[in-house]
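Coming up, as structure tokens: structure 1 and structure 2, two forms of one and the same protein chain.
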Structure 1
């Protein structure tokens, strides 16, 4: 149509729906992010202007709506360039073989060639008019590629096509406005029909959940009438309102722990959001709170309720996939399942207490840590030895006995019935049982926190014994697997070694009072491992190379932590790490240096200072200058004397500041050298014709290079030289 003399291209809404068997809740949201991103790429590539791209997901469907999508591509002119005019035509303007060959390659006549002026001169080209294709035609080709481009943590095959997807695809919808977009994926043909709620369908056809869509814009309201609220954000809002209302009715509050994860699980587990309130026998409140919460949250996806003091109530809230008036049977079923779980937990709790943790340690001989690395009992023995070494190395000798007691008991709870039933409670049950056994509070608390941090956002252990135990456990694991040649390769990390190394880095950096030399500790851990004859000689990697590989593996996690958590510059990280002596690796000290250097790079004098330093560095490096002796009596210019005096003063301040790990002050001492370095290069010719002057000036610059190198390798710092 035309409006006020201008052509306005028709637009419509595009709908694509992938109907599946029930998807795992945790796979849906990542898939929706991919779906939106991939469709955005397709529309940009195909030159199709559009409005908003919305993605929706339920357990039975992944869908995308694109509003105001144009009906087709605009025509496009394409210039294909050929040889220069002087090559394509002779002096008389007649076409040469080059012109005929180019025209033939492009499927045109020589007469169709045109000559255009370019910055490089006059060239021959062919102008091709490409008519725009219609949107349904383009989408029919693109949609299968998008669907097959989705990735999942686990995928499956279900028919002879061999296509893999999270769950079997059962139906496909493709609509552009009222036009059906025809395509096929995994043997399933697209159409204009979707499916409503399995048992809340409210149409006259009681035996069928099939919904025929006339247009893409009917999608959301039609499905809502059929009992499916497609928009996950609306389901979330409805859930939140119902959770608040149900909790208020029983004068309770939803436990904050894992609330957001439970809510996400609820949102992506149902198509019609509703909440029920159930109860359990109050006698189970005698169980540890952690056991009750785990039973409700991890195994059932229930929301525990607490009173205003934080004490658990014998109530829970649960998400259901139906209307509230149809939930009595579901409520009763959930209560029966939870009661059975809690009865098991109560039994395990009572039975576990009949054997103390210390008496369980020998049972670890029957649990394999790894076939090449012995049993958990052997790992425990290593940890007892290694934590003693670590406590001494950190200057915490007074904690050695407590640390070794904690290490001895650290894996004992893995033999309990409670942890066997609820594996996520390892460590937690160790703390509870240690307290009941009469162990010291320091030991008990360390057992409860040494698995932390479990995630990048989890806090590190807060007690010193817990920190030392956490470090010992990770250091032993990393050393053992690297010595056995079982280090990660590519993206594969079946033993979670990257997570272990990242946790080790966080503890050492965030608890800066733990000053340790990782080079020595890795060597000590290796000796303890080899003293047990592990790994066997046939399975053992070259020890020295494995230790070096492990240290670099940890340093890579250090770099990742600095970049992602603290936003530190890559060149700043490398500058500090490159200056680290090979025999020393103190992560706390290195991180303090990196932070100080990163902060100083923001100062306006820093980049000009580095320009001057790099000039000095390049001269010393180019000449391979090794002499450091400077002779003041050979100075002939005031700038030489000023630089020499500045170096003496800076060295004194630098030494004092670095002894106190005050790297900010050390760097300020270097900043003060900028004027005298600049004046030196302006005042004298370094490569003077007189050998004596040249040697003295190169020695001065070598001293500048050495002074800066005491803090970091500044040659790695990136600046914009002017």
Structure 2
């Protein structure tokens, strides 16, 4: 026992390394999260106290270091229960046949049986000491499960074990202190040797990149000597420093757009971080900035450089996976690649300008939007009609013509060579070519911004025409797919409809001057679609149900937006949404109400007010009280008269405030009712024996209920009732 106790105290570092062929950069970080989590679970399950669990990743390895991991499990005692004491021992305390039988079944002597108190009485039991198992042995069993438990967006097979992983596993390291942890995954045996950088060996004489590790603690320094910076955070800061230095050397700054993503890509694409600075022919600076930036960033992952005014320099920085050689062949190679791409871009830019956007519109007939929903030309036609309706519905009839021109041209850039080569430039090229075609500033700006917001953090369009075009495009897409029964189900959303609906919500809420009734608009969009005979009768789902489903789908995004972006209370959102009449849905108005209600819930008077309201609400509901006529002549108590007068005044203020959409003031009018409601309940008995008095009081409460109901369904608000 003493020996065991001592060994439990001993700790060492555990190293596990999965050596692979080059992993896709974006899969590394998620895999490391899983790895850390799964190891934490295993160590917890096996009762192995430990220090920090660190995970590291490069394209060729995923690894875990667990510091201060104990050498083995503490011994554990387990109780096996037998018969009750009264059965196992007779009145004289002698063991019975039952006791002998139980002892035998457990492989112990009767003398080893003990009696313990339980909630059910005193029982016989055997206490079994389970010796703790040693860490290397436990890990040898657990590690393969952890490795095979990692999931990737796409996995592959490579040998006859049929195991799937992101890329082939080529070596495995398992070290506990200096002890090798032996296991096997996908036909690969673990050992204590790892591999250094493919091309950066310390000595040029050494052909092999194999490195023997004598202890787990040597891992990071040994690999660093072999040209591998295993710690991603260190690679990141080394990159950042070099990027800064190299940019400074040419008096430039790294372009901010996509900088973080490019850096993450660089960090997880190399084992040894280095940066080179290349240049390109300055005649290409005549190309639109977006085209140059995309040529550099997409595919090549270069960092564009700008001067202090934000203008592009004819230079770029590139992340490389080696120490750049004096011969400069790496720089020259990268420059040549970029030059070829820019030559192509220039060719497309010149060719594209030979055909104006408006002349390209008929070509959209050849591009299918969706087989059930016609061509992009048909979508364009729908958008032209719908944006006209939308502009007028928002009271911006004077923008109708501009809007329709923008809608007409909105998809034309998809037929250009440039967008064919760089699909991410859709919209951007529309704006640039529209400008060159002599379209108005509002039209070209709208084309440039209507795909926004592309991500949750992206801005919504800034111009009014851009906003209307963005809404029209999304509204048409959403109602078309819903009418064809192609709405998202579960986590499947192949057409990105959630993102479309979220963008729509954000535009309507964040651009609050856009007062539109979504119920109407969805109906209009459906009508425009059906007027084209789309979707074909066979593919059409029930129109009304689809419209209702779409509205609910948008409202779900609205709730999500309110909760996650503005931290709004769930019950507050529900209270407002429940009071929405079925035929009207104005998101900006609903949002204003939610915010006002959310603000007022913070006031000290609010919860007690709701307690009073709920009492009134419950009584009216319980009685199913339909009458609203209140007879002041039947008042017998001052509190009845005060409540009545309070109600009249509140209704007046409420109506006025609601007309001005000043929901804060409307809610204040309700808050002011708190004392008279409280006094009423204190002063009179609602269920008075006299029917006339009772009826009058219930009617008063029904008025209270109605008054509140004009702003929100307060019965859904949760309060702490004292």
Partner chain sequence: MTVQDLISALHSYWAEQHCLLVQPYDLEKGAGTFNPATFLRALGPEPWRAAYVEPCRRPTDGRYGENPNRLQHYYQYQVVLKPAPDTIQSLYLDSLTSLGIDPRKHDIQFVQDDWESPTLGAWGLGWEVRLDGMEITQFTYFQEAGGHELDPITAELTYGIERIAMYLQEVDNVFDLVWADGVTYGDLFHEAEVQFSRYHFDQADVEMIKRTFEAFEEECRRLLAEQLVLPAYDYCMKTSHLFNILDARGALSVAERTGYIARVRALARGCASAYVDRRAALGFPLLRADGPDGRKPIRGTTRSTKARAIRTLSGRHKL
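Everything quoted here is computed from the prediction, not taken from an experiment. Numbering follows the first chain given and starts at 1. Whichever C-alpha set is largest while still superposing within 1.5 Å between the two forms counts as the rigid core.
The form predicted in complex with the partner chain is structure 2, not structure 1.
Once both forms are fitted on their rigid core, the CA atom of residue 34 lies 2 Å or more apart between structures 1 and 2.
The rigid-core alignment places the CA of residue 489 less than 2 Å apart between structures 1 and 2. If you fit the rigid core between structures 1 and 2, you'll see the Cα of residue 50 move by 2 angstroms or more. Shown is the Cα shift of residue 105 between structures 1 and 2 after rigid core superposition, which amounts to 11.7 Å.
Once the two forms are overlaid on the core, residue 76 shows a Cα shift of 5.4 Å between structures 1 and 2. Superposed on the rigid core, the forms differ at residue 174: its CA is offset by 2.8 Å between structures 1 and 2.
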